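The chain below stands alone, shown as structure tokens; this is the form predicted on its own.
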């Protein structure tokens, strides 16, 4: 599995040319508002290496997102196995976009493609998403793609130190009935 496409987007493997805009995005305080810190270029580069390794190993994972009409890199989205130290299991979907890509419906469009792939190709029974409490933009995307908040699923993220973004909320969506 190499790529997914939507009406306006291409979800694809990472390229060397993605590294600069990815690092810039991860150094943007508004993009990283609901993360404990900004990311250095080194950490951003290491993340891309992990993302690409996941794509090569499984055929799916965290894809780079580009606007099909222009070829502009705008962020990432995808599906990823839940880390073993989390208080739940399964596969998550997620997204992060450059500020210039906000407000165009790209996150929703990309996330819907990921859900379709997860359910139709991977035959997943459920997909989850989570975000720091207060991240209303991500919550709105979760609701738009049909996810429902698990009111019993709030948790303190084990990889985030104590502070204002440690508390997370959990959303879920089950595979459509066949």
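A quick note: this is a predicted structure, and the numbers were derived from the prediction, not measured. Positions refer to the first chain, counted from 1.
Although it is not shown, the form predicted together with a small molecule is what the next lines describe.
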Of 48, 128, 115, 31, the one that lies within 4.5 Å of the small molecule in the predicted complex (heavy atoms): 31
message: Contact with the small molecule in the predicted complex for residue 138, defined as at least one heavy atom pair within 4.5 Å: yes or no?
response: yes
- prompt: According to a 4.5 angstroms non-hydrogen atom cut-off, is residue 35 in contact with the small molecule in the predicted complex?
  reply: yes
message: Just checking whether residue 41 would be counted as a contact of the small molecule in the predicted complex - the rule being heavy atoms within 4.5 angstroms.
response: no
message: Against the small molecule in the predicted complex, would residue 103 count as a contact residue? Criterion: heavy atoms within 4.5 Å.
response: yes
query: Taking the partner as it appears in the predicted complex, which of 65-73, 51-59, 141-149, 120-128 has residues with heavy atoms within 4.5 Å of the small molecule?
result: 141-149
